[in-house]
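A single chain, nothing else alongside it, follows as structure tokens in the form predicted alone.
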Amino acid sequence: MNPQLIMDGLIAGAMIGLGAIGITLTYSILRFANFAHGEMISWGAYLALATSGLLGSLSGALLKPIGPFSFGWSLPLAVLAAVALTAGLALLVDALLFGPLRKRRSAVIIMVMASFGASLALRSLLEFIFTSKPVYFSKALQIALPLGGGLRATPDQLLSLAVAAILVVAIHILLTRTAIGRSMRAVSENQQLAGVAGIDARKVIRTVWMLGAGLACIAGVMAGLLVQIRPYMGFDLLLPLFAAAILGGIGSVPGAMLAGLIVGLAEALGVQLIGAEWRAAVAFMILVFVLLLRPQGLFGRAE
């Protein structure tokens, strides 16, 4: 068995974990499965691509690769703008769709179906604007560096792993050491009681949408940088995202990232053993087994 599957699984798992954090936070606060979250990954990648191209057209120096990486300063700057734009898109969808449904106290199944409809609309709009042709942040070839033990990784891949680790630690600190984090945890436990205690639930909901969309954007940029950018990239990641969110335990940020790594490693192992066409089946089997054997996940609490 090729040991390189460990590195491949960790890289894929890091992207899955970042996306799963957004899903687990949304569910813990709003209590519904948001199927439109995958489209935030796609929109984030395309917004970063468009912004990077715009910055590159203004100054060619921004396209010059930074050290060993395949991209120039236009991409990090574009990511900052894309995170803000993706967060704004999530707030817009909430204001136009989910917010009115919450005011009507709509049933959970209505919220879920609304998110499915939003997913279709966002994906179709993305394909209409950018077409379905795959695009890339950079077509520069990178040589994988030997890491020992038969493992190899490119500088872009190592950077993605480092960024994912830093973001998970930052989000965990945000949730456990800041006022807004404590408010988010209070609202996730009991929104009505949190309101009585003076916590602004609407502010918490806005923060969750922005945080989840921002992480989805970064996951999309990582996926686009390491593979390619397509309108269906977020949709293809949706099943692994939900598998990781449920496996890690709803509301647990470290759990979502750890579960993302587990799903990524399982998919990489499945690709080597039974073929790439069965990748999605691996995530589906993990999801089924978790729901049957431990519905609360690794770090969740049984209700």
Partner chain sequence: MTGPQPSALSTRALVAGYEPDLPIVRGVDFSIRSGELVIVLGPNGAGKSTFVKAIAGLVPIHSGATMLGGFDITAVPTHEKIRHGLAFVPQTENIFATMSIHDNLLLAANVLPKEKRSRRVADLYAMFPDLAARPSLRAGQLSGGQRQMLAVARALIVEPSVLILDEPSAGLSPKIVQEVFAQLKAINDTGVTIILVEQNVKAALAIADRAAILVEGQLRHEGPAATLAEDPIVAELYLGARPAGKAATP
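Because the structure is predicted, anything quoted here is derived from the model rather than measured. Numbering follows the first chain given and starts at 1.
Not pictured, yet referred to below: the form predicted in complex with the partner chain.
Of the heavy atoms in Asn190, some are within 4.5 Å of the partner chain in the predicted complex. Using a 4.5 angstroms limit between non-hydrogen atoms, Pro134 is distant from the partner chain in the predicted complex.
Residue contact check for Ile199: one or more of its heavy atoms lie within 4.5 Å of the partner chain in the predicted complex. Within 4.5 Å of any heavy atom of the partner chain in the predicted complex lies no heavy atom of Ser138.
Residues within 4.5 angstroms of the partner chain in the predicted complex, judged by any non-hydrogen atom, belong to 181-189 and to none of the other stretches in 73-81, 181-189, 208-216, 145-153. Checked against the partner chain in the predicted complex, the residues Ala194, Leu161, Ile171, Leu91 give one hit for a heavy atom within 4.5 Å, which is Ala194.
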